[in-house]
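One chain follows as structure tokens, the form predicted alone.
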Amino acid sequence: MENKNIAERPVKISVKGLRKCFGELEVLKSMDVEVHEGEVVCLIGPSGSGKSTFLRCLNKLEEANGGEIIVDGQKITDKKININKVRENIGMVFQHFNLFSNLNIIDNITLAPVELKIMSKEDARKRAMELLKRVGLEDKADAYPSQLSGGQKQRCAIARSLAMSPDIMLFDEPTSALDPEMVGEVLDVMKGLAKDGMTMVIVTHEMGFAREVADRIIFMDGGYIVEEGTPDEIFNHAKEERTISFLNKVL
């Protein structure tokens, strides 16, 4: 029943006919996707299938070559859009944590809200401490990134993205640069966000996590959506040969 109620919620991200080329190479070939409020969508598929490029188009880190993308009612494929304004509402967590090594953790988290005058320094610090507590790192506020493990850095990167109070979170293989024993701590934070109803689009190769957390799985290959459905439909009843062959390799 859960998916029925998701389909009735407002659409947060609408993608129609999205194309992206790098020179001669067409990486995304006319993709159509809708993501509803509070929905967790996991993108899976082989390397080079266009998953990360698709994610990066959603906040205009990559410019689309065709089609349209509407996020929260704003057409971000419009040349005149103020993308920085839109990005305030879209948190992004990368494979590599992209923390500022010369700033301690709390300053990493408060930098954007204070610079963009969204919060006073005091409010930003208070919010940062709440977020560090949420990701289990309140004792690391004064530490520097070099003093943290990979899993801790990634949890800080998530806290930093949440500091802007985004409506939507994009995750690009957030655990792929981590040692296996640190993967769980990052996935736990993401599971907590999913429980709280955050709209999330996640590129991941953690199939167990995708199965547990996603409302919908999209299997991509060769710049196309080959198949999409609930975790049960994709993992237990995939219809497409390419999906089945990919899952046989990774499961």
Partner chain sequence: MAFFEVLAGSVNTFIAALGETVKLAIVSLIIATVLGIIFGLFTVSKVKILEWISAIYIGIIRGTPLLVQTFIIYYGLAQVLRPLGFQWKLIGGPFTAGAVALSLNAGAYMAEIIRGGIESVDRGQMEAARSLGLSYGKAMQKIVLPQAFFTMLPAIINQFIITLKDTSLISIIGIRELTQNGKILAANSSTKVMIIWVIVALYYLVVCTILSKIAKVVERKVSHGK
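Positions refer to the first chain, counted from 1. This is a predicted model, so every value here is computed, not measured.
FYI, the form predicted in complex with the partner chain isn't displayed, but the following is about it.
Undergrad: Can all three of 84, 88 and 92 be found with a heavy atom no more than 4.5 Å from the partner chain in the predicted bound form?
TA: So, yes: the whole triplet contacts the partner chain.
Undergrad: Classify residue 115 as contacting or not contacting the partner chain in the predicted bound form by the rule of any non-hydrogen atom within 4.5 angstroms, answering yes or no.
TA: The answer is yes: residue 115 has a heavy atom within 4.5 Å of the partner chain.
Undergrad: Taking 4.5 angstroms as the cut-off for heavy atoms, does residue 61 touch the partner chain in the predicted bound form?
TA: Residue-level check for residue 61: yes, a contact with the partner chain.
Undergrad: For residue 149, is any heavy atom within 4.5 Å of the partner chain in the predicted bound form, or not?
TA: No, no contact at 4.5 Å.
Undergrad: Hey, in the predicted bound form, does residue 77 get a heavy atom within 4.5 angstroms of the partner chain?
TA: Although the partner chain is absent here, residue 77 would stay clear of it in the predicted bound form, with no heavy atoms inside 4.5 Å.
Undergrad: Name the stretch, out of 93-101, 130-138, 175-183, 68-76, where some heavy atom lies within 4.5 Å of the partner chain in the predicted bound form.
TA: Among the candidates, contact is made by 93-101.
Undergrad: Would you mind picking the one in 29, 191, 205, 56 that has a heavy atom within 4.5 Å of the partner chain in the predicted bound form?
TA: Checked against the cut-off, the match is 56.
Undergrad: Scan 190-212 and write down, in order along the chain, each residue with a heavy atom lying within 4.5 Å of the partner chain in the predicted bound form.
TA: Contacting residues: none.
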